[in-house]
Structures are given as C-alpha cells and as structure tokens.
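So this first bit is one chain, no partners, the form predicted on its own, shown in structure tokens.
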Amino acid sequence: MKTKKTITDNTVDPDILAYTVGDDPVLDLALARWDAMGTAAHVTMLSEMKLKKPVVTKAEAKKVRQALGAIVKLAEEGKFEIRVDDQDVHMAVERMLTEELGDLGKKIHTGRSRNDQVAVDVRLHMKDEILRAESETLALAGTLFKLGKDSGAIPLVGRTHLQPAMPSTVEMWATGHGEMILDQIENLEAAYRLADANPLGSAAGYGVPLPLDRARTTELLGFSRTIHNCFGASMARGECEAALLSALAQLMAVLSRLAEDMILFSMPEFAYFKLPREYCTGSSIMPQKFNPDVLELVRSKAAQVLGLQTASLSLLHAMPGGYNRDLQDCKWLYMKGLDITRTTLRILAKVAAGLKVDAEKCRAAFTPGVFATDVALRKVAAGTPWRDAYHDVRDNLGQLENEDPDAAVALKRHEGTCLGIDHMVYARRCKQLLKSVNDRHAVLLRKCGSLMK
C-alpha cells in the first residue's frame, strides 16, 4: 500500500525535522486567518495576471477564496490543525486546499516562497495585535485619568529620590502615570507603520520571472505601501519584530513604574492607597498577609519583555543578508512579548480601577520640609531675591509647621500642576486615538472577510 506523499520533504531525519520545525505548529495557529488572507489576495492577483494561459482562472480563484473562508472558520472554532509533516501554517493551508480542490490547491504557491508568505502573515497579525494593544493601553490610561478626576485635589506628598519634596495631589500622580502610558502609543504606532508594508511578491527575496502585480496585493490586503526592493523585503523580516518588541519593552517599563508606586504607596508605612483584597494573595504561614504579588510580577514581566527585545536584536546583529532560518525564532519572541504586555495592561486596569485612596493618610504624611520650596517662592513673589529666600527658608524650617497641605495645592494653578489638570485634554486625545484604532481595525477585519468570497 502506497503512503500518501506530503507536500514537504519527508526524507529529513526526524530529529533534525523536529528541531527545525520547533514550535511553529503551535505558534502558527495564531497566523491561520492571516495566512488565508494573504493566500486569498495572492490567488486573486494570479487570476488577473496577463498571461497567454492563466495560472489560475478567476472562477478558480473564487473557489480557492471560498475554501480559505472555510479554513478560517475552522480556525475560529479551534478545529484547525497543523500536522508535524506540514511543518507550518502555510503548508497546512496548502494541504487542506489540495485535499479539497485537487490540482487547483497545488497552484496557490505559484510565485511565492514561504519567506514572503510568513512575512505577510506576521505583518497582518502584528497590525491586528498592535491595534488591540493600543485599545488596551487607552483603557488603562482612561482608568488612571478617572482615578485622578475622582480623587481631585487630595494632597499627596510629591517625592524625588523617594524623599519628601513638594506638595502634589493624587490627581497629579494618577494622571501623570496615565499620560506617560498614553504617550507609549506613539511607539506602538511607529511599530504599526513599519508593519503596514507589503512584502508579498518578493518570494525568496529576489522576485520571480512572472508579471506579479505587487501593488494589487497591497491594495487587497490593506497595506499602506509595498516594500519596493524584493531583497529588502526579505531582510525586513526580524527588523519588524524587533521594532515591535522595542515598543512593548518601553511600554512595560512605564507600567512597571506604575506598579512600583502602587506597591510603595500601599505599604502600611505610607498607606496612601489600599489595594483591592481580591487582587492580593495571602501567605502560607502568616495569616495577616495580603501581598501585592500581581504588581511585583509586573516588574518581572517588564524584565522579561526587555529580555525578549534584547534577544531579537541579538538574533539579527550578525546575520548575513537574505533569508536565514534564525528568523524563525523571532516569531516566538514577538508573540510572547505581545502576550505578556497585553495581559499586563488588562491586569493593571483592574487593579487601578479598584484602588482606594485614604485622604487623611495622604494629608498626615506632610512634614514641614515639604512646603519649603512653595514658601520660598511666596517670598520671591513678595520681592525677595530667589537665593535669599532659599537660604531664609532652609535656615528656618521650623517656621513651616503650620502650613496647610490643601492651601498649598490650591495655590498651584498653572497648566499641568495641582489645580491645572485639564481632563478635556486627555478626553480629546483618547477619543481621537480610539477612533483611529477602531477605524483601522474595522478596515483590516473587513478586508479579511471580503477576500474570502
């Protein structure tokens, strides 16, 4: 009895095959929809190529697209499978199309390499994931803006070097962290723009002797531009992943600082904030403990994403031009980075939404020295030269004991200070960004759906 010949080379030593295939059969499940989308665009373009005898007719292309739609549905239902002998999502999709459509399924790889195929899949997947991450970033920033607005001008000791410094407010603290997080969308957008370029048609990095219409697949897939140079399109793989990991690492560093503040300010010695009990873990030996483990893990996760970024750049730095199999490992790195970051964004939004502020503990933390700079500046406003006012206050700190935290923050009204937080600035930015994210995501998903018809 003859065994059915697989699409891929089945003469490779099993150990070598397992080593080179790696985790692709699992990781590539996340790419099934995007592989189908890329294939649908490619087969549509093939059916429109100006040849004496078409590689694929328009009627055949429609059959392929419909079959691809069925594969996407299987993937959405968790029924799509990548076999070991498939090696990856590309060969799994081709196998299923060949089983369904016979020789027609064998034509879909015409003019393609798995190099440009995976590059397309990854970029489409990245666009989808980045937009989702941006939406979650906006949600966390919005939670912090709400916390700040709800807390208002509750005085809070502002610190430098962790030492008491100047009067601030809970509102400044919360919205300051929120604005830093919101600003990280700029880095995610830079990664998005880099991913929003079409490598399809570059094949193995050197093009093919067929009249491929690369602009057509760019249009069908919704990319903003085509990577012009085929060799450059091949080499751009890995750079894209590293750029995304760089943006994720910077975002995680900002999130880690927020987590650290929450840990410090919820300590009994500070007690400005109280963490929700349901988000704290206990001790196996100490009955009284409610530990901020989840926030401590944010710090650990930030270190992990920074490590993933370093791994991606280390992987690339000594690689020669053209495709190299090392690039396969970039896939796990960026997918893991996305998973950690997106999960952290959602977790921190829950913790921030449940944070309780103890206004009296915040006020009780003020010591006379916290008012020193403000009092010196009041002297300046009355006509004393700054350096004289500075020395006068420094030498008479005991005279500051009757200063009032609420009165101090009430005097700080310029833009961005205690009573100068304009929540409409944040509202407008969030609204504009959310609209942009939602609009682009809708277009991406609509393009994907329309190609499967």
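It should be emphasised that the depicted structure is a prediction, and the values quoted were computed from it without experimental measurement. So that there is no doubt, residue numbering starts at 1 and follows the sequence shown.
Note that the form predicted together with a small molecule isn't included here; everything after this is about it.
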item	value
All of D24, N115 and K331 with a heavy atom within 4.5 Å of the small molecule in the predicted complex	yes
Contact stretch among 318-326, 136-144, 251-259, 353-361 - heavy atom within 4.5 Å of the small molecule in the predicted complex	318-326
Distance check, D128 to the small molecule in the predicted complex, heavy atom within 4.5 Å	no
The small molecule contact at R123 in the predicted complex, heavy atom, 4.5 Å	no
4.5 angstroms heavy atom contact with the small molecule in the predicted complex for R237	yes
Touches the small molecule in the predicted complex: D88 (any heavy atom, 4.5 Å)	yes
